[in-house]
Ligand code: ADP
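Encoded as structure tokens, the following chain is the form predicted on its own, with no partner shown.
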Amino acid sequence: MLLTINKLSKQYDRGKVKALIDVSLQLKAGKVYAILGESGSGKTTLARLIAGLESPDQGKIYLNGKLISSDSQHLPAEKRSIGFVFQNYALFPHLNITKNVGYGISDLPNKTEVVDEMLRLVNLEGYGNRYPHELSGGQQQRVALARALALKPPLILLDEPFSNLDSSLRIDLRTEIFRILQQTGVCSVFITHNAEDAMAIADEVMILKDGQLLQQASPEILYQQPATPYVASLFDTLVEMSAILLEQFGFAPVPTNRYYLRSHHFSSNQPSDYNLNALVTQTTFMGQYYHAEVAVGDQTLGIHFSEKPAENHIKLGWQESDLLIF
């Protein structure tokens, strides 16, 4: 195992803020991972602890079987051989691209060859004499990646690498960076709040909330078998199905369970396992789908239909296989 974390905890403000609580996980060499969570979930704290930029209050971190962090032992960041691509790129504005990429490998006898290799890898050949301000955001991101990869690290961390980019550029850069990392074979960890980015690039995704690791699994498992309603909500809008609502549909709920459906798993006037008469009170075109407000008795459900309902009175249905049970 490349990286092993055992019961890692970190607090701030004299224990008032619990950034991480007993987090344990394992990372394999050559795999691509994503740490997914909203602001304040602890994902950046976890990345900084792995990189050696902070020390844990409790727990241990092992890299290739060697202890690199605990509450009593701390290997400095510069001795961990872990690459880190910061959210703001952290390029030196007064150094050209060649010097930025080669900054951490100044002692290597083949420094020039390594820098040239990295610039070719990130498709920035011929940009060596330019300065960061002369490059686009996507190009600066690739320079930061090249600088991290120049160290030939076994592990590289990327903190919100696409958050400063617009949608179309983000998708293009996401594809390009994924290609680069696959080509190098380095184990990489993306820290992100964007579920789409995490699902698109990662072999496994780790879900953090309030400092706790809720689930670590492949994108397929996370989507099909989410451990909690929160995990499920990261990938789709959920509709909570109360016991009263389920009974109206003719489904017999277990009192101790919680039930949800994804908003797009409802159907209008289609064969289904469970259905009832409902009233569409409002529809809004959202591009890829229609958002509909649907009245069922005294409740209103927010539902996504692929096509606009032809009439207001519909037969609203769903399949039992789509029901999420917790």
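Start at 1 with the first residue shown and count on from there. Because the structure is a prediction, the values reported are computed rather than measured.
Quick note: we don't show the form predicted together with adenosine-5'-diphosphate, though the next part is all about it.
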{"query": "Q288: touches adenosine-5'-diphosphate in the model of the complex, heavy atom cutoff 4.5 angstroms", "finding": "no"}
{"query": "adenosine-5'-diphosphate contact at A19 in the model of the complex, heavy atom, 4.5 Å", "finding": "yes"}
{"query": "In the model of the complex, D13 touching adenosine-5'-diphosphate (heavy atom, 4.5 Å)", "finding": "yes"}
{"query": "Heavy atom of E293 within 4.5 Å of adenosine-5'-diphosphate in the model of the complex", "finding": "no"}
{"query": "Stretch from 300-308, 21-29, 5-13, 314-322 whose residues place a heavy atom within 4.5 Å of adenosine-5'-diphosphate in the model of the complex", "finding": "5-13"}
{"query": "Sequence-ordered residues of 25-50 touching adenosine-5'-diphosphate in the model of the complex, heavy atom within 4.5 Å", "finding": "E38, S39, G40, S41, G42, K43, T44, T45"}
